[in-house]
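What follows is a single chain, given as structure tokens, in the form predicted alone.
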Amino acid sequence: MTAATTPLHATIEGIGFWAPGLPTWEAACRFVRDGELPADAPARPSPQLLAPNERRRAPETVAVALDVALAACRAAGREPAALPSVFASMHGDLAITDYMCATLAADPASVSPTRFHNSVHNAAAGYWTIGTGAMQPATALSAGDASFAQGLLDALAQLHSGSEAVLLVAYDSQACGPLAAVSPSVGVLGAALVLSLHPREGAATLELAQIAADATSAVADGPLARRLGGNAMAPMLPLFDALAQSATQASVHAGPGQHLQLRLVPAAAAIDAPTGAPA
């Protein structure tokens, strides 16, 4: 077991969430607490940042990333253009990757320019910065099944390096074609956090307690983890289950043999700053 050397912590100013049947963070919280599912949940995320025709054409990964990012910024009361951002995805868009591989093998000259520019891993970050007019740094990150944890560490490090607030967005989509056999992923899932170092009444806080070995990690058995566990971004769900349950700790997979052990102060109790936070 290795103790964290820096007391990384943050106030969670805003949360965005989208999954099949759970199109908002409020719906996710009701599902976690009561098992309730909204009757009229949309089948696809609808990012209001894009014009209607672009919204219809956007890949699912871009749509879900922009949807949760904007929701988190609105919940935080933050101007999206003012925030540096970290976009974490294990696969990017596997449907487009499958199309690119199949087309390059069969008829390379027929590759769609539109699909080609959406095949890059920073497509969602690019749509976000263009759509919001953000001139702040944006990071597109993949670290396998530890993508969310590494994105969270990146966002916390930016905060403790002087950023006023940071937007963290995590998402992955359905795997298809031959890639699904080696990199399975079910459905579309996205979540976003706006993090800052400023205590805020009514906002939960998190603190990195330690980086722990697998043997000490908690089992991911919350309602969201059970329902959405087939998606490649499912390793982030123990944190969101904990936040919805007002739990005081969560464990997030951070790579081979390691987990982030997070200490949480639920929103209702987060009046005092966490250990190491400024008063």
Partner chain sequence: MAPLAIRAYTATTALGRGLQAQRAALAARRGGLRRNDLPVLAPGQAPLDCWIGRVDGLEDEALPSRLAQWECRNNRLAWMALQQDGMLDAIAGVVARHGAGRVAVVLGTSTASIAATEEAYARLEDGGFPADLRRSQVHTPHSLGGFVQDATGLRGPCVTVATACSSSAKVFAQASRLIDAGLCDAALVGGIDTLCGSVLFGFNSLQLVSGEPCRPFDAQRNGLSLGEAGGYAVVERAGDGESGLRLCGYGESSDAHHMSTPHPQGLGAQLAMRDALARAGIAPEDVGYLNLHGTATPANDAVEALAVSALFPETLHASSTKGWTGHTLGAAGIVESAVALLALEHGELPGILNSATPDPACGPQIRLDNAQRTIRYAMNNSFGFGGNNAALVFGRA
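Small disclaimer: the values here were computed from a predicted structure and weren't measured. Numbering follows the first chain given and starts at 1.
The same protein has a further form, the form predicted together with its partner chain, not shown here; the description that follows concerns it.
Chemist: Are any of the heavy atoms in G177 no more than 4.5 Å from a heavy atom of its partner chain in the model of the complex?
Modeler: The answer is yes: G177 has a heavy atom within 4.5 Å of its partner chain.
Chemist: Can you check whether I211 is within 4.5 Å of its partner chain in the model of the complex, heavy atom basis?
Modeler: Although its partner chain is absent here, I211 would touch it in the model of the complex, with heavy atoms inside 4.5 Å.
Chemist: Answer for T24 alone: is it within 4.5 Å of its partner chain in the model of the complex, judged on heavy atom distances?
Modeler: No, T24 sits far enough from its partner chain in the model of the complex that none of its heavy atoms falls within 4.5 Å.
Chemist: If you check in the model of the complex, is G144 within 4.5 Å of its partner chain, heavy atoms only?
Modeler: The answer is yes: G144 has a heavy atom within 4.5 Å of its partner chain.
Chemist: Looking at 185-193, 198-206, 158-166, 70-78, which one sits within 4.5 Å of its partner chain in the model of the complex if you count heavy atoms only?
Modeler: Heavy atoms within 4.5 Å of its partner chain in the model of the complex occur in 158-166.
Chemist: What residues, if any, in 81-114 have a non-hydrogen atom within 4.5 angstroms of its partner chain in the model of the complex?
Modeler: Counting only heavy atoms within 4.5 Å of its partner chain in the model of the complex, the contacting residues of 81-114 are M90, H91, T97, D98, M100, C101, A102, L104, A105, A106, D107, P108, A109, V111, S112, P113.
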